[in-house]
Ligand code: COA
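One chain follows as structure tokens, the form predicted alone.
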């Protein structure tokens, strides 16, 4: 378990908290591995009825730690798409427990796409959502190319995934992937209330109903694999190489 992820079990709820504030909760391969483990180990634990994912107050996550991501990609040249990220996506796709997301502040890249695997999403009024994959010469991930248009329609999905436009909390609620908007600093408190409401319901009925509502896991993992293959190919493209060079040059400036 990495120091940048806190996992606690509170009554019947597992709370997964990103804790890397100095990097706006940018996700490393170690964090992906730890999040996967936290989700996977909850699956056969009857005491865990619900999962909350949060970044704490002020920020959800700025997405992939691009330096860590590039380092991992170079080290695994034969598998360009960082494997721990894909394992995390599989964990989300195959998860059987209701997941609540508490989003306070920015949710970039995977910070937005993971929400479409969640069952209930709370966002603060300061939350914003952005998926700038194409700006880096890449393609969408996390089965977002399947889930976004299914949730919000093709036109909104195109503006978000392809054009990389930022969505506010109000935009996200109108698009259908945010349930409630709350005051900044209150997303975790409200998420715990939702978790208690879910945990008070009959467990088997919740599990069966959730499964009926969701796409089959194999549909999600098939799209994750397809996206990952294309993502890996794009990482080697001249567009992506130029975009990453420009990104790191701006960061050093």
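Numbering follows the first chain given and starts at 1. Remember, it's a predicted structure, so these values are computed and weren't measured experimentally.
There is another form of this protein, the form predicted in complex with the named molecule, and it is not shown here; the text below is about that form.
- The partner is not drawn, yet in the predicted complex one stretch among 63-71, 40-48, 200-208, 214-222 has residues with heavy atoms inside 4.5 Å of the named molecule: 63-71.
- In summary, among the residues 99, 114, 106, 143, the only one with a non-hydrogen atom within 4.5 Å of the named molecule in the predicted complex is 106.
- Here is the short version: of 118, 175, 182, 136, the single residue with a heavy atom within 4.5 Å of the named molecule in the predicted complex is 136.
- By the criterion of a heavy atom within 4.5 Å, residue 26 is counted among the residues contacting the named molecule in the predicted complex.
- In the predicted complex, the named molecule stays beyond 4.5 Å of every heavy atom belonging to residue 149.
- Contacts between stretch 40-61 and the named molecule, counted in the predicted complex as any heavy atom lying within 4.5 Å, involve no residue at all.
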